[in-house]
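In structure tokens, the next block holds one chain alone, the form predicted alone.
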Amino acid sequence: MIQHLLHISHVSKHFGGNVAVSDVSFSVEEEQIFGLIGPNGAGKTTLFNCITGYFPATSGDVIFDTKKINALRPDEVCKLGMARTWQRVKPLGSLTVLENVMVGAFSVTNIAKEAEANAKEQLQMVGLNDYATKSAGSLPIGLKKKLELARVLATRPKMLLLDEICGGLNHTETDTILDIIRGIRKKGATIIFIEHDMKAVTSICDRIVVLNSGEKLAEGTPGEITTNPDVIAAYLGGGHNA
């Protein structure tokens, strides 16, 4: 039997008269890597914000692990097992890399030694263990992206929402992040992935939803999405690397 860890049912988000997300529905299975793509302004990050409690949805339901989470705060959503990254990485620059990851770990323990052990495990997972004592603010963008990933992994999530985790990275850095994501999935996590790099999306995602002007345009496998005429017209034909 297919187990859906996340179900988005007719979710809309309005900001005054502006409709940012309109009647979007989809489900994500356990241990899937699920892509969310679309042009700039399509509503992808707004939908992430509705899912994780940063914005309340205007209408519709967000069901995570059989629980309706519409009214929960972001910290409450995190405690249920959902964590996210942000487009713009903002580490606590005056703290070390290890201390940054411990901040995430303190969401699941109040014991410093446990938080430190958890943080070291996540630094090993993303390949940052050699940078543990470095100032987080001194890292280049590629390593800051890894740090962001390690910090959310320290919350022990069932589901990760990654908002352009490969944004600003070169091809080698992107391939490294994708390998890390595959490793995270092997450990049992479910991942939703906003990304503009179509090569990255199609190489790693099991299914993809395309948003356009806040509405769901298409859903399918990477092969179905990249050959869908509506998607090509609205998105892939707009100069993006398919």
Partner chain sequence: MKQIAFLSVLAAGAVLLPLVIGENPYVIGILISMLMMAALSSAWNILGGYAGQYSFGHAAYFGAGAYTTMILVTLYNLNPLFCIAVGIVVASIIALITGSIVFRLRGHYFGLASIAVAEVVRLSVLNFNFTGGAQGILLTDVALWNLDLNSKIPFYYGMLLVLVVTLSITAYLRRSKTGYYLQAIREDQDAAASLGINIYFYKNKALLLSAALTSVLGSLYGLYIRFIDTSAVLDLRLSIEIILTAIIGGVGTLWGPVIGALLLVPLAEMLRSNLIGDMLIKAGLVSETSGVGLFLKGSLANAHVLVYGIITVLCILYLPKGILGLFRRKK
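This one's a predicted model, so the numbers in the text were calculated from it and none came from an experiment. Residue numbers count along the first chain shown, from 1.
The same protein has a further form, the form predicted together with the partner chain, not shown here; the description that follows concerns it.
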Checklist entry - Is the partner chain close enough to 79, 90 and 104 in the predicted bound form that each of the three has a heavy atom within 4.5 Å of it? => result yes
Item to check | Distance check, residue 133 to the partner chain in the predicted bound form, heavy atom within 4.5 Å | outcome: yes
Item to check | Partner contact for residue 151 in the predicted bound form: the partner chain, 4.5 angstroms, heavy atom | outcome: yes
Checklist entry - Looking in the predicted bound form, any heavy atom of residue 94 within 4.5 Å of the partner chain? => result yes
Item to check | residue 155: touches the partner chain in the predicted bound form, heavy atom cutoff 4.5 angstroms | outcome: yes
Checklist entry - Within 44-82, which residues come within 4.5 Å of the partner chain in the predicted bound form, counting heavy atoms only? => result 54, 73, 74, 75, 78, 79
